[in-house]
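Single chain ahead, by itself, as structure tokens, in the form predicted alone.
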Amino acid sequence: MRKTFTVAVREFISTVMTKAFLLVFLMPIIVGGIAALAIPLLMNAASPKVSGHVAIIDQSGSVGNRLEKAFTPEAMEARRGKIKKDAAAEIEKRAPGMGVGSQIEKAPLPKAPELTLQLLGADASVDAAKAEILKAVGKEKDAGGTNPRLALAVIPASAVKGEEGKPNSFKDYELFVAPKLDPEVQSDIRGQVSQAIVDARIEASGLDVERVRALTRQNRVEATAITKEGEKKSNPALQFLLPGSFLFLMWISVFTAGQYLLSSTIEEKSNRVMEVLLSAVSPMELMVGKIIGQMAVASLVLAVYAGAGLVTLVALSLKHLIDPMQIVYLCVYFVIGFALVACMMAAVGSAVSDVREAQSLLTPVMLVLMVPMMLWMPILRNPNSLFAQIVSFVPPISPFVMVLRLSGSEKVPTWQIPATIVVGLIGVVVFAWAAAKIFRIGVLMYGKPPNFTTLIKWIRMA
């Protein structure tokens, strides 16, 4: 046992003292710092210069004059200011007290697009008007004062008055744009044309436009969760993403350390260091020590990333979204999941001499392990479906699936939790038994890399 512990300590220290692992360890700090500093800078960054005009063919005769007012420099500046103010208020609501929202609101607006409106006749040729867009250069910033046509909106009369014989059936307008037109400018043009058409419909019906707007306007209302500690603000998007974050958190920690275990085993074997180690410890002590050492590495990664997530939730006053039992289950299934993956990594690493040979053996296994990652959305939407329940009992993917299911909003049958833990532990025993047999033979085998058939023979003969 003492030798196993010595191997584990050596494995842990040799991994965490590398520069590559330091980057993994500091990643939450780096990401958090970049987010805190970059958001205000990005909001203040100059957008691509856009200079040109938008052409309108208004066959209804009641939309063009509204768009002329919408695309004055003052109106465009007011819309951009409102967007920035709303974004700052939303961020401040999501992250109160952090000052990001106030920084965004205080930041000056980048230079507005230089857009003008050109009204064409109702009988103008649509094809000829579209051809003018082709004269625009690839990027609007290179227009050079030529006032190119960047967009064309064709508004049929039926878009306002309704189709003949169907007064409540309106035809859509058409919008044509230059290929490189900035997406924000496209969105603004689309929004203003749509609003002008709706306003024209309201006026054509004999109603007051401002009155109808006020009657149909409803600000977004945030839901409030009722908890035992009192009322807490809710976040539907975060509630939906949290289960996925549990899965990704476990995946990152398990496979970060698993990859280290694989590479260190291959390196020690190819450098003949393994032979020196085996002169002091048995193959079983060496394998178990390496797995325990890398499990400590994975636990450190899990603690760092989970801690960063919990600190963020506390800062946003959203810690009520996490049930303490979810953390307990995460730790339990993490141990099972890592043990299963580590046994495979140790076995494959001992059987090959370089990483390329290992990839050929691990590819089928990785395809199976990718199932929870690829299907996490369907599993989360229906955690008690037949498929989700079946894969919850299939090692080595069962720990990942159970973490996802248990962090969802639908209650998992209570009996399945201890049952999947028992199945997982049995799987660990079986995987460890098979890995030990492969490790005993493969660690001193050189030459042609084995295939799956050879590995099975080693398990039977060892």
Partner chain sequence: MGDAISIRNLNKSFGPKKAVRDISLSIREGSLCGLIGPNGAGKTTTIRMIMSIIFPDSGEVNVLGKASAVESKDRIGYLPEERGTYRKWKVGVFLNYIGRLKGVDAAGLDQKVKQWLVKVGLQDVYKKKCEELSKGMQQKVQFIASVLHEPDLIILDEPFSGLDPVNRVLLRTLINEQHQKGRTIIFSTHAMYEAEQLCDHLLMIHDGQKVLDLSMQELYRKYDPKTLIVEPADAGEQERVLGSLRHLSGVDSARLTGETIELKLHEGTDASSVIAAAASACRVRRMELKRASVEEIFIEIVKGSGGSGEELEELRASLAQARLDTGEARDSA
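Numbering follows the first chain given and starts at 1. Computed from a predicted structure; not experimentally measured.
FYI, the form predicted in complex with the partner chain isn't displayed, but the following is about it.
Just one of Ser169, Gln218, Ser205, Ser279 comes within 4.5 Å of the partner chain in the predicted complex, counting any heavy atom, and that one is Ser279.
Residue contact check for Lys457: none of its heavy atoms lie within 4.5 Å of the partner chain in the predicted complex. The shortest heavy atom separation between Arg272 and the partner chain in the predicted complex is within 4.5 Å. Within 4.5 Å of any heavy atom of the partner chain in the predicted complex lies no heavy atom of Asp182. Residue contact check for Asp188: none of its heavy atoms lie within 4.5 Å of the partner chain in the predicted complex. Stretch-level contact check against the partner chain in the predicted complex with heavy atoms at 4.5 Å: of 350-358, 264-272, 150-158, 382-390, the positive one is 264-272. Annotation for 422-444: interface residues with the partner chain in the predicted complex are Arg440, Leu444 [heavy atom within 4.5 Å].
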